[in-house]
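Next comes just one chain, in structure tokens: the form predicted on its own.
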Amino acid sequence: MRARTLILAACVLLLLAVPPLATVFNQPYYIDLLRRVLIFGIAAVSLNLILGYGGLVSFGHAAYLGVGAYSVGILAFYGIHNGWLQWAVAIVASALVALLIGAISVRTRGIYFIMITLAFTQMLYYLGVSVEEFGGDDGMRLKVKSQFSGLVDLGDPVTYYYVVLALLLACMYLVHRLVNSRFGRVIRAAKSNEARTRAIGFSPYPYQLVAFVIAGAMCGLAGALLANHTAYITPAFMDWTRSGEIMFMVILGGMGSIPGPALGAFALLIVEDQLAGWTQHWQVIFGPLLVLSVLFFKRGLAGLLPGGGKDG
């Protein structure tokens, strides 16, 4: 465990060193690239709470990414640029949407749960496409990034990078505390054996619903960050393929592991970026690589760390 902690601490130090190194070598592109990776790391960490620890295979997690992004975009459209308000609305709106979806879907299991979460996400996707006032299928520009009264300037790429890094670490810590609490033990017990969990006096439904809402709220924050990162908001944020990408980040990195989803986001997006820069037919190479990674890394990339891929 000490070796594992040292490796993870070294990874954090490397991430802290990215902006100064990129400045020295005159490569600002890598600040933007890794900031995007960190944002999707937050989305993957949020999904891991219900997928890795709760066993809830949500194929609609990108819905909250879109809700968070559109919360920022719509408020900015009406001239409200206060970042505290925008991000609060993004988190609360995503939590409410997750509550609505979860109240129905968490009562089901297996393929029914997957299809209900997928159906709700596609409903939101087509809602985004149909609302012409906010750009419809073409999306909408975010002309002014979230403002924080001079405390934080998201227009500065380096400052924004460190904000996203801090939020990713905070989300990972939050998930760590949750899954090691009594609340988290009930969720993990329900994943392992729901009937036995009921037999000892715990009803899994309210615990799973709360976890579902927390995961949605966390992903909504990632959506607010992504809107400011791209300065452009589109219904494609909520497409089912985006949910699949986030899910694969969790699987590739290691389900039921705190650092796993972040590692999966790094591996997936950076390899994708490098291959896309090498050839226009990068998907032909990328697909088999993903298949091989699943076949040979049974516990994900986190399983390569000392101590294995499971933790709390």
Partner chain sequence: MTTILVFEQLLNGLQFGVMLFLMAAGLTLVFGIMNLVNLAHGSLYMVGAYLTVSAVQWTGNYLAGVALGLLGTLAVGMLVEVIALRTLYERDHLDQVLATFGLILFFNELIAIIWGRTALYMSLPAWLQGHIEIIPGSIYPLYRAVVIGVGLVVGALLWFVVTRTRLGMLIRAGASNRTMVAALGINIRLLYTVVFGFGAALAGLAGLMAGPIYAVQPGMGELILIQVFVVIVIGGIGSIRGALVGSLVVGVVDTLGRAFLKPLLGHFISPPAAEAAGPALASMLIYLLMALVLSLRPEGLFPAKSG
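Take the two forms, find the largest set of C-alpha atoms that superpose within 1.5 Å, and that set is the rigid core. Residue numbers count along the first chain shown, from 1. Because the structure is predicted, anything quoted here is derived from the model rather than measured.
Just so you know, the form predicted together with its partner chain exists too; it's not on screen, but the next bit is about it.
When its partner chain is considered in the predicted bound form, Met255 lines it closely, a heavy atom lying within 4.5 Å. At least one heavy atom of Pro288 is located within 4.5 Å of its partner chain in the predicted bound form. Among heavy atoms of Phe266, none comes within 4.5 Å of its partner chain in the predicted bound form. Although the partner is absent here, Val92 is not a contact residue: none of its heavy atoms lies within 4.5 angstroms of its partner chain in the predicted bound form. Contact with its partner chain, judged by heavy atoms within 4.5 Å in the predicted bound form, is confined among 141 to 149, 73 to 81, 237 to 245, 156 to 164 to 237 to 245. Taking a 4.5 Å heavy atom cutoff to its partner chain in the predicted bound form, the contact residue among Leu85, Leu99, Met123, Leu169 is Met123. Along 280 to 299, a non-hydrogen atom within 4.5 Å of its partner chain in the predicted bound form is carried by Gln280, His281, Gln283, Val284, Phe286, Gly287, Pro288, Leu290, Val291, Val294, Leu295, Lys298, in order along the sequence. After superposition on the rigid core, the Cα of Pro20 moves by less than 2 Å between this form and the one not shown.
Residue displacement note: Ala9 has its CA displaced by under 2 Å between this form and the one not shown (rigid core superposed).
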